[in-house]
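As structure tokens, one chain now follows by itself in the form predicted alone.
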């Protein structure tokens, strides 16, 4: 069996070493394609492999069809919107993710940006403390649970809303479940967004939701930029000068944010929620393990396509 690791943004060496060890243990061949600059390089590399590991690389229908022997694709991370799931299903290719492997890294970044925001970007002006503030967690998955764990250390009160997570499950973790997104935003001082990108969530966070926030609230987004209605968010920020938006996904209208609300806004230069050595290694090795388990035992536990 041949396994291709195709990453424009390469794994850490420790991750590649772990992947190699996992695959060599079952006599699978590892093929590396790193920092490729042309799609044709990917098309050529995938032509005769059985499995593919990617990070944020775009795997569209053309790539899937080029993989004539392709049986499984694993996204080393949680979100799979970079992979054409429909095309994979049509080609009888299993697609998986590696949920939870990056969760702590993303959660820690949330609090890095959060502290920066409440202390007014370390400008020397008076900020406020997190203790006693209400943190609303928008989607209570692996990252949301880690955010809650860290928030307890700051002495914060916790609320959560998740369309797919039952209220009793959230409540069992000592967190107040809210009955709707509107209620979550109404009762939170800070909201941390962790929703996946789907047809239903694209552009979800706009005027109709933001208008429910308290004065001086803060929104932190480490999910996807596409879940934000950026023009409506910008207009809300102009109208509410005490509101702050912190994100690790650079908006499409970044220049407008910088021009019109520079003291209310922060973004990292590129998405970096999972950019830690530990998360890198965990996700890479998990991807290799899932490929072996699928090809040898048919385990489809983390399958995300039909």
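Fair warning: this is a prediction, and the values are worked out from it, not measured in the lab. Numbering follows the first chain given and starts at 1.
Missing here is the form predicted together with a small molecule; even so, the following discussion is about that form.
A heavy atom within 4.5 Å of the small molecule in the predicted bound form is found for one listed residue only; from 218, 228, 78, 95, this is 78. Shown without its partner, this chain lists 71, 224, 145, 133 as candidates; in the predicted bound form, only 224 has a non-hydrogen atom within 4.5 angstroms of the small molecule. The stretch in contact with the small molecule in the predicted bound form, judged by heavy atoms within 4.5 Å, is 54-62, chosen from 26-34, 54-62, 235-243, 41-49. The closest heavy atom approach of residue 188 to the small molecule in the predicted bound form falls outside 4.5 Å.
In the predicted bound form, none of the heavy atoms of residue 13 sits within 4.5 Å of a heavy atom of the small molecule. In the predicted bound form, the small molecule sits beyond 4.5 Å of every heavy atom of residue 296. Taking the partner from the other structure, the small molecule in the predicted bound form has a heavy atom within 4.5 Å of a heavy atom of residue 274.
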